[in-house]
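Consider the single chain below, provided in structure tokens and representing the form predicted on its own.
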Amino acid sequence: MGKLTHFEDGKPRMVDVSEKAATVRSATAEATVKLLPEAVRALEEGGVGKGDPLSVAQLAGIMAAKKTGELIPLCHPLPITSADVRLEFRPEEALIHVTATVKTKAETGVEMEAMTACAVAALTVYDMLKAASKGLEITGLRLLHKSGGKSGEWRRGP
């Protein structure tokens, strides 16, 4: 197991990346929102008074990727060059699958940005659909892939 770089002498610190080269980096994450029948019905019938939940959640996820450095205490603020957030409504499975791929050219990676985008998009779905059903469940927030930087490429196995 690697050294925990956000601690020095037991105290939290922001890692110094000033000596690292800016390279192209990418990360993809996912999350799932499990729906109850009332929420599936509301989505299928377009009966959500706040607007289209998936479009609003997509924008929220993009905004969250850009704000990750402000939300997670020891994350560096990064110049996001691309944030692709997608929500797929699967009524037959009673779920919404969220994916986010974030890219940058910087000294550190965008794994946290991709996961934050998924988390906020999923929370936005909950907010938009809670009137139909408060029993929605957000699960499976995880990193799927990252590339770039000193550690190179990593991909979640099957």
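One rule holds for the numbers: they count along the sequence shown, beginning at 1. This is a predicted model, so every value here is computed, not measured.
This protein has a second form, the form predicted together with a further copy of the same chain, left out of what is shown; the following refers to that one.
Arg142, heavy atom within 4.5 angstroms of a further copy of the same chain in the predicted bound form: Within the cut-off, so yes.
Exercise: Gly69 in contact with a further copy of the same chain in the predicted bound form, heavy atom 4.5 Å: Flag for Gly69 set to yes.
4.5 Å heavy atom contact, Phe89 and a further copy of the same chain in the predicted bound form: Residue-level check for Phe89: no, no contact with a further copy of the same chain.
Ala94 within 4.5 Å of a further copy of the same chain in the predicted bound form, heavy atoms: No, no contact at 4.5 Å.
Interface residues of 113-152 toward a further copy of the same chain, as seen in the predicted bound form [heavy atoms, 4.5 Å]: Going through 113-152 in order - heavy atoms within 4.5 Å of a further copy of the same chain in the predicted bound form - the hits are Met115, Thr116, Ala119, Val120, Leu123, Thr124, Tyr126, Asp127, Met128, Leu129, Lys130, Ala131, Ala132, Lys134, Gly135, Leu136, Glu137, Ile138, Thr139, Gly140, Leu141, Arg142, Leu143, Lys146.
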